[in-house]
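Take a look at this one chain, the form predicted on its own, written out in structure tokens.
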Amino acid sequence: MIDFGAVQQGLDLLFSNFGPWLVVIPGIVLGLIFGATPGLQISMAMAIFLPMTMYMDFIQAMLFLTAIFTGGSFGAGIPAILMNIPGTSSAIATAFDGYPMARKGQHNQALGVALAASVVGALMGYLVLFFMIQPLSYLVLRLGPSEMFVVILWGMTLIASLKGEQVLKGLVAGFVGLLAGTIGFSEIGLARGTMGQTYLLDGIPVIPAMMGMFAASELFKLANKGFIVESADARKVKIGEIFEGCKMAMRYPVVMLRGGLIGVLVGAVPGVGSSVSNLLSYIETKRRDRNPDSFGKGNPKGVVASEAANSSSEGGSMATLLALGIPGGGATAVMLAAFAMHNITGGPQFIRQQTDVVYAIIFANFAQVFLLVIVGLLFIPLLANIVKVPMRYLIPSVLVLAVMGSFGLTGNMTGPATVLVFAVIGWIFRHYGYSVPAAVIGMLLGSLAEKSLLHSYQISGGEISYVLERPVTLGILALLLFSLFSQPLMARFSTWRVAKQA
């Protein structure tokens, strides 16, 4: 229920002076830069600039950090589209169709589509947060490890539909990624798959592995090319085509709405967030489309689905932070640290006692989304010029950037070695028609699935009847079965109906 008195007080907090707004545009720019640079994470940017917020009041500090969050969510899609390098794991699905669009000379349109979908997705996320913050907090509390495992299982069972030439190859690639994700210490302290190497005890670093499989392996394939985009005319950066891409995104309101809702719900689950929501949105959009084979070949619906979901997940993760005091991921964990620096504790008591501050943060995020449109349109033409760089310069530059970024993430040579090893694995996968995205998703979700399954086992004492006592788990299982079998059943029903009419 909306407290209109608190809404008015929140607006007064925001607009009584313009001090808080002075940090918003610099925050969005920092988010764009860190999001668009492979190896640099949004949470890293927020952590680096967190000490500055000590000298700000609480509202100004939150506006600065959320502006970095907003800018970074869109920025991560820029290298995914232009170079097939997702800036963060939240932009993996953006690369599936964004990069093929760029290869066809539609980089301007793809960037426009991504910007429009990001803006609409973020708006949806914060609208849901505004109206539903208290019900969402209750819903998140109802999600236990068994629900988490079933959600992950849902994604893993649909993994075979991602880009692989055959369903079996998609499953094999996902299983290989899943096994790679379990290397290192397990939840109960057992070392697995390390082959006696101490640097594998912490597991395979996912971000360097992702950069190797997506970016470096693609660069090997393009080594004999002159440019990312072969046509000289298509390499031009055209503002008109960027606006055309924004209009193109608006032609798919259902895809945006579905992606936005998936992003909010999945983003509200602690520890999951946009890394999973963009993949689930993409898979579901592809599954429901009349022409699923067009995905992975430059279908703008794939970009819309991914960007709408990863941007709307901001609102979901903020709901968890504000309503429960639980960070949904790395970025909101940094925000929680800002809460502590200003002697504020998130959770139900915070919502009850400082409702005006909650509404002020939400309204500020609405304004940031509109500012993202302006700042994004100014930055896109500059960043899109990368398609004009000859491959003989681009390949070594990107490889050096990936290696240096991976070294910064791990602090030792494990990161660069992971990039190179998984670049070779990625090239082999591409050469033999196995799904690279499926393998990466397996690595991302494998450890999370194992952790959820173990916690479910510990809570239930090994009793399968525990699942029957969890209505939310059963509901998600029903949705899983429906998504798997609805299409074949509908096809059989159509065949039967045609045969009956004949």
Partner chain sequence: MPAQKRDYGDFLVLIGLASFTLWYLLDAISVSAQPQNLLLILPLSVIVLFIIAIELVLRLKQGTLFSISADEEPLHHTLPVVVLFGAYVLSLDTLGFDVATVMFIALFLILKGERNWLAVVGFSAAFGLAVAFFFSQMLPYPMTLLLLPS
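Note that the coordinates shown come from a computational prediction; the quantities given were computed from them, not determined experimentally. Residue numbers count along the first chain shown, from 1.
Below: the form predicted in complex with the partner chain, not depicted.
The candidate spot formed by 179, 182 and 397 is fully in contact with the partner chain in the predicted complex: every one of the three has a heavy atom within 4.5 Å. With the partner omitted here, the residue from 243, 363, 339, 407 that has a non-hydrogen atom within 4.5 angstroms of the partner chain in the predicted complex is 407.
Shown without its partner, this chain lists 374, 367, 191, 382 as candidates; in the predicted complex, only 191 has a non-hydrogen atom within 4.5 angstroms of the partner chain.
In summary, the region of this chain contacting the partner chain in the predicted complex, judged by heavy atoms within 4.5 Å and restricted to 302-310, 250-258, 424-432, 354-362, corresponds to 424-432. Within this chain, residue 476 is remote from the site of the partner chain in the predicted complex, having no heavy atom within 4.5 Å. Proximity of residue 417 to the partner chain in the predicted complex: non-hydrogen atoms within 4.5 Å are present. The partner chain is not shown here, and in the predicted complex it never comes within 4.5 Å of any heavy atom of residue 388. A residue is said to contact a partner when one of its heavy atoms sits within 4.5 Å of a partner heavy atom; residue 169 meets this definition for the partner chain in the predicted complex. Contacts to the partner chain in the predicted complex (heavy atom within 4.5 Å) from stretch 443-461: 446, 449, 450, 453, 454, 457.
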